[in-house]
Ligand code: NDP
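Single chain ahead, written as structure tokens, the form predicted on its own.
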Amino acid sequence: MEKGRILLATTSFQPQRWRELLSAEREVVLEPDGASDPSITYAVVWKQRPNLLASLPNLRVIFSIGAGVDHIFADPGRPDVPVVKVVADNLTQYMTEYVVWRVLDHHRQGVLFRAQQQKKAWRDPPQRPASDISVGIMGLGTLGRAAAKVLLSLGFAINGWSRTERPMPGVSTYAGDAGLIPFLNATDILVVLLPLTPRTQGIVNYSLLKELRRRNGLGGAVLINAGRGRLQKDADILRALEDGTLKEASLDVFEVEPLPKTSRLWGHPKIFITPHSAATSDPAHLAPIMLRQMDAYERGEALENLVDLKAGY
């Protein structure tokens, strides 16, 4: 099979580096030659323009530049072809580092110590061992399981929740609607790593946060969201922080991105903000993985890391 041509389509960042790496082995274009360009076999995309892919007759596979694929499923003109999500060791490592960093910062009272530093206050508050703290991970896919493994090695008690049963050694796992409330009731620090689907949009709301365990060594429940911004309701997080439902939060993603300068989240003393940078898609690592997949597909081999088109992740 002749090597297929790649359409590189993104509206969120400059594509030059991606184009440079992909074009080392294949012809890459940034625009189709007409709406029904027959020369395009693969699309490498991130928040592409709606309907851009709709009428490409020879499109065989769509590759997502990022770990999320909700931008692909939001496209009303998405063609019925396989969708491949990014799974790379360095992406998993970045996310694990972020989750462990934020869990440890909340556990070791980073907010309190930073406030004390501003006041030049020399106080040594009580510190509970990690074994007293339950970290609950919503989403036990590749990223969630990698983070859970490291947190287990540090001595934390780990809970995991997913839509379907995902057993993992050392982790107390919960599944489906029936398992959600028991999972939350047993969790002190909630880490959200879910995909964004119609079922998960807005799931991190006030009602969910109210179910977190608050009588624990942390002095209150904590939220960490490094999944997708539209999983959460920003206003509900603020409400939960203001009435004590939440003690603190670390947020890497938001309902609207970039986070508007007018957002109250920016100045809240109990919120730690990062600009959707928990796990950056590095083209130097990800482009070769995509090219290998294309080569394998053309040899008749099965694609890896396929998205379930019905489930949307």
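A quick note: this is a predicted structure, and the numbers were derived from the prediction, not measured. Residues carry their position along the shown sequence, with the first being 1.
This protein has a second form, the form predicted in complex with this ligand, left out of what is shown; the following refers to that one.
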None of Arg163, Lys233, His106, Arg78 but one has a heavy atom within 4.5 Å of this ligand in the predicted bound form; the exception is Arg163
Heavy atom within 4.5 Å of this ligand in the predicted bound form: which of Ile133, Leu241, Met95, Val84 fits that? Just give me the one. Met95
Taking heavy atoms only, is Gly141 within 4.5 angstroms of this ligand in the predicted bound form? yes
Any chance His276 has a heavy atom within 4.5 Å of this ligand in the predicted bound form? yes
Leu194: heavy atom within 4.5 Å of this ligand in the predicted bound form? yes
My question is simply whether Pro32 lines the interface with this ligand in the predicted bound form - judged by any non-hydrogen atom within 4.5 Å. no
Assert contact_stretch over 207 to 215, 186 to 194, 121 to 129, 147 to 155 against this ligand in the predicted bound form, heavy atom within 4.5 Å, equals 186 to 194
Residues of stretch 50 to 67 in contact with this ligand in the predicted bound form (4.5 Å, non-hydrogen atom): Ala67
